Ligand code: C5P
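First, one chain by itself in structure tokens, the form predicted on its own.
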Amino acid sequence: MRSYSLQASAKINLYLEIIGDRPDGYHELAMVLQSIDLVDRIDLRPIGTDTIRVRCDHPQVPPDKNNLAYRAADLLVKQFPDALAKYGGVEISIHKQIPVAAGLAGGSANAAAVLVGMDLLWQLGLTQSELQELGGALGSDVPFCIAGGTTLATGRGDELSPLADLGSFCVVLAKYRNVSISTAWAYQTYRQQFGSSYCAPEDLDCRRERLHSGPMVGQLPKDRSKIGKLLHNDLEKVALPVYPQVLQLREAFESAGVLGTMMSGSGPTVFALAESRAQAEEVRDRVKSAIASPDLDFWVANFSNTGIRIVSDGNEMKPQINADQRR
């Protein structure tokens, strides 16, 4: 039986607004999500036993059920026991490029790649919608990571509406290795500080009025110069006052003359938009000079319209699911 290698794209939030509490306990969100070509590689190969094995070259990534990639494989094992009996278990090798615990959905992207790869490995023939429904049981970002591209995400982040491809934006990302921000802490703290302004779960009219992502969506891709000015992340309100390094990094990007800059998701990664790779690399160098910290890592990437890509014959890259195919 064939083995598969896949590339899983990181994501950034161009927009994140917290609308209120949902009846299921999650937050009602309005987000614009964007894939970038900063990727992890996930290799899947069949093994002769009915077990799941996970290996990763990053010391912070657990090889057990605490790993979302493991849980994705385990979900398929439970959903399709006949396929497990026919084809056997799987070994998953994760080669990390996406920083860990960074607000870039690296774990969700790995899980998405496992769902796509095992669908092929076990010849399940699942549709994109079926894969995304399975992914939603693992985490709110997994359905988006399966398809990628540029997407308006509502609900708890798993109700997806594809948007037009933004083209050739380049992005500079930076993260302190010694800084981490708990997603649960960020949302809980936001609820504590701003919960009085939430819409009531039954107040649908209020929810519609609060969907302020409209201006951002309306500019895509009509006026690229305005997109950077429309970046918004409610979680900055709680994260930046508590994590001064992240605030300093954001201010350094602003001073470097970028189109726009913001913390991605719950952080602590900060990204900045640039028109070209040359400009992005210049911005990276300026910020490196402004903040001389050995713990600060940088990446330069392009916007991508693909979530998961399959490596065929070890070199040819073929999109598995892309933004055009999901319309």
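Owing to the predicted nature of the structure, the values given are computational and were not obtained by experimental measurement. All residue numbers refer to positions in the sequence shown, first residue = 1.
The form predicted together with the named molecule exists for this protein as well; it is not shown, and the discussion that follows is about that form.
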Is there a non-hydrogen atom of A164 within 4.5 angstroms of a non-hydrogen atom of the named molecule in the predicted bound form? no
G88: touches the named molecule in the predicted bound form, heavy atom cutoff 4.5 angstroms: no
Is it the case that L38, even though its partner is missing from this view, gets within 4.5 Å of the named molecule in the predicted bound form, heavy atoms only? no
Taking 4.5 angstroms as the cut-off for heavy atoms, does T183 touch the named molecule in the predicted bound form? yes
Considering the named molecule in the predicted bound form, which of A301, I52, V287, L29 comes within 4.5 Å of it through any heavy atom? L29
State the residue from K226, R156, R250, H232 whose non-hydrogen atoms include one within 4.5 Å of the named molecule in the predicted bound form. R156
Can you say which of 114-122, 250-258, 136-144, 93-101 gets within 4.5 Å of the named molecule in the predicted bound form, counting heavy atoms only? 136-144
